[in-house]
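Only one chain is included here, represented as structure tokens and corresponding to the form predicted alone.
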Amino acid sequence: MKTTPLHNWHVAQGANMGTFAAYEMPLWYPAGAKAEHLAVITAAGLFDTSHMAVLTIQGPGARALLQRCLSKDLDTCIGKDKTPLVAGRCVYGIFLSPLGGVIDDAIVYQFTATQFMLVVNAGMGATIAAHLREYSGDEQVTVDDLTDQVGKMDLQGPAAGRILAKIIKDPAALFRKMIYFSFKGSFDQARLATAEITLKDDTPLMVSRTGYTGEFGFELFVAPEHIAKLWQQLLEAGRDEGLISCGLAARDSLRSGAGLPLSHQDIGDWPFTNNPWLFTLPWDADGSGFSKEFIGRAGLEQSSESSWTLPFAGYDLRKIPLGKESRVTDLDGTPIGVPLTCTTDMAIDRLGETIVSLATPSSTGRPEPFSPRGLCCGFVKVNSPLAVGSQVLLTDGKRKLKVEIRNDIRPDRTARKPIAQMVSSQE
């Protein structure tokens, strides 16, 4: 069993620990998963994510290698104008097998024209490193797997900017022009030793405006020997802002409500087609074909996949466990697929046919007061396309839950809001 550098802290705080990708990780703390989920919507939550794997790709052939192996077209991936990936920006993409199945998803960070970083899922560092080396050809490129050599945590929620500002030496410089999916700081010889962004005590770190909750926030990277100090500094800085530590249960419910997939569960070794995340593929200008050659292209173009992955939301907080008996049926009870994710987003509820979040402004539909019951949500994999608004049943062989196929789940998410607006709104 592997652990992160914060393992002893989690145990000392009474966290309920569980196994995830060969790591012993906190599932929730004494406050409970519901309180942790709601904190990220209304204040802020702090997640230990040092189990995630980090790789660096360096050399004259680094960009070409990523273009060959990653689904996203790095030359047309930024913003509405589809400009190239540049230093200080990052992008989400998929690594596919030659048959078009998902090996893993990743975020790619560009430091320079020849230096990149990848963050992939826990336990996948060696697999993705081997995949990149297999397809590196004669190009001059070095792939380093830094699994367990980088400390990482996620600070997520509307108060994240104000909390982070309290411990950064120059918060104005950090927040200046920090748009969604941008970052500041970098590696120096596989260490986080840049002086561009530092804590008040001069400890260097890398700050990325990304996350896995759908809400405003940051991912923070630091050398492992500094992670316990950074964790404690953030908790102290956020004490009056409602910041609490959060486990994997809240991370799962938050990402589900935000419509984000879990690799090897919602996407996997079946063809990457007919799902909500096809924006990660390198579509050409008219969306009829692909703009580049990449590993998995032929598999996708030749695929005869006849299943569809679709988001859903229920009508109350009840959920079903995932297992061999779990099924999706039509309203008459005929099996039509399987549930992939089924969790409860505790920040949302239905007002008639409309789903409202705690983050929904009162001016656009949130009543005063509003105490959401929570709604089950997630993804199903079914054998035919279903229109938005269609109803199906989830069953584990014992209970049956009616749910609605949707194109989105938790409304009014804050991840993409302008940073100036988010910081000023907390003053």
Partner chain sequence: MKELQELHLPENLGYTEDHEWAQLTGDTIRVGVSDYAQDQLGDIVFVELPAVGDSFNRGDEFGTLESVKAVSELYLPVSGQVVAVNQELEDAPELLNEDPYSNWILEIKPAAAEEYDQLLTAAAYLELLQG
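No experiment lies behind these values; they were computed from the predicted model shown. Numbering follows the first chain given and starts at 1.
Another form, the form predicted in complex with the partner chain, is not on view; read the next lines as being about it.
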Check: Can you check whether residue 336 is within 4.5 Å of the partner chain in the predicted bound form, heavy atom basis?
Finding: no
Item checked: Contact of residue 166 with the partner chain in the predicted bound form (heavy atom, 4.5 Å) -> no
Margin query: Just checking whether residue 392 would be counted as a contact of the partner chain in the predicted bound form - the rule being heavy atoms within 4.5 angstroms.
Written below: no
Check: Even though the partner chain is not shown here, does residue 379 get within 4.5 Å of it in the predicted bound form, heavy atoms only?
Finding: no
Checklist line | in the predicted bound form, the one of 249, 174, 132, 85 near the partner chain [non-hydrogen atom within 4.5 angstroms] | finding: 249
Notebook entry, point to check: Looking at 33, 386, 359, 39, which is the one with a non-hydrogen atom within 4.5 Å of the partner chain in the predicted bound form?
Noted result: 33
Note to self: For the three residues 208, 258 and 410, which mark the spot I'm curious about, does each lie within 4.5 Å of the partner chain in the predicted bound form through at least one heavy atom?
What the structure shows: no
Item checked: Heavy atom contact within 4.5 Å of the partner chain in the predicted bound form, the stretch among 274 to 282, 312 to 320, 70 to 78, 149 to 157 -> 312 to 320
Margin query: For a quick check, can you give me the residues of 398 to 423 that have a heavy atom within 4.5 Å of the partner chain in the predicted bound form?
Written below: 398, 399
